[in-house]
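The chain below stands alone and is given as structure tokens, in the form predicted alone.
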Amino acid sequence: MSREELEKKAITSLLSIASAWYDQMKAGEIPSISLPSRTKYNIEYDDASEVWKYGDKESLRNAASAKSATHLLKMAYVIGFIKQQLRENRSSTLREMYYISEGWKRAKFAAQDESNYLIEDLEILSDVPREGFHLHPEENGASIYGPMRIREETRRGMKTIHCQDDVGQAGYTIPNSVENIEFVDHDAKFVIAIETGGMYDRLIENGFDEEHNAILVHLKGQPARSTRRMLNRMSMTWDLPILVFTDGDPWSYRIYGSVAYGAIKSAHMSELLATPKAQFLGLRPSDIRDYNLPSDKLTDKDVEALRSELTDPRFATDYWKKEINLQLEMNLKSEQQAFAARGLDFVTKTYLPARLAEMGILKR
């Protein structure tokens, strides 16, 4: 879908929400909306798209109480704001929209989390991503370094960029919206999406991208939507293996989950943001044991998170149950950069080649 088509769909869909409220009130009914329940107990695997989506459980929000009526009022103001923004061809950040609401009187947001959640509501109701509303977060996407060439529209026209030869040491910065990026060609065998900046820099400094024809992506912790969309497009366009390399703790496993399965709060966008073929490269609990890596004891919150993952349908595989139960038994967690205890070259010369061979990505 082109940018123009997406914008047109956004306006049409958003105005239809307001129009439905008008029809309800005209018929003497209390205006309402129905939205899927956004919990891990209401996500289901969709065989056709191979991603996790919301199930059939829904919650009804209507204007029967002052609190619910205020929520719909805020939604009406946001719809009006987005409509004006699109017609003026302007854009804003989620933070700016939160501050703009200061002038909306009773429709003012109490916190940015509230306004962010409402935008997610509108994405679900309109079937349009927030990028189609010309709304984006404060942070940009992460960085890419490797043998791939893209074509991007800039203020000075179309520009072709090679993500090794035409970039600095930090790589190519992924923009807020990647829909207008054209994937030209590549010489890569696989993609490694890396949680930490230290490990991303280590692989670049050690020449891992050149030695193994690898595209490296720095996730910057929990990846931004634009980063997840970029990985999705690389997988769909070039059918490259996508491997996720994180720390060895429950919060990092959720980073992998957001890339491969989709995040619970954005399950309505899973087909655009999730990469079902993504594989977990490490750091695994069994790696902590097998390589005797420096580690820390699990905190109470870590244990609680691991046990929660055992009941999460996205982690309901024998692989994850075995690894998570092993971690609970060892009561240990570790960081990617703990491999440095074995030498600065250990991760690129020993661990990654062995792990990639084990996964069938590299030949032994």
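When you see a residue number, it is the position in the sequence shown, counting from 1. The structure presented is a predicted model; accordingly, all values stated were derived computationally and were not measured.
Below, we turn to the form predicted in complex with another copy of the chain, even though it does not appear here.
The three residues Lys8, Gln24 and Glu114 each lack any heavy atom within 4.5 Å of another copy of the chain in the predicted bound form.
The contact residue chosen from Ala188, Ala107, Ala224, Ile100 relative to another copy of the chain in the predicted bound form is Ile100, the criterion being a non-hydrogen atom within 4.5 angstroms. Contact annotation: of the candidates Glu271, Asp287, Asp201, Asp121, the single residue with a non-hydrogen atom within 4.5 angstroms of another copy of the chain in the predicted bound form is Asp201. In the predicted bound form, Ile161 approaches another copy of the chain with a heavy atom inside 4.5 Å. Contact between Tyr145 and another copy of the chain in the predicted bound form is found at the 4.5 Å heavy atom cutoff. At the 4.5 Å threshold, heavy atoms of Thr196 reach another copy of the chain in the predicted bound form. By the criterion of a heavy atom within 4.5 Å, Glu323 is excluded from the residues contacting another copy of the chain in the predicted bound form. Segments offered: 150-158, 249-257, 272-280, 121-129. Contacting another copy of the chain in the predicted bound form at heavy atom distances within 4.5 Å is 150-158. Residues from 87-121 that approach another copy of the chain in the predicted bound form with a non-hydrogen atom closer than or equal to 4.5 Å are Arg90, Ser91, Ser92, Thr93, Arg95, Glu96, Tyr99, Ile100, Glu102, in the order they occur in the chain.
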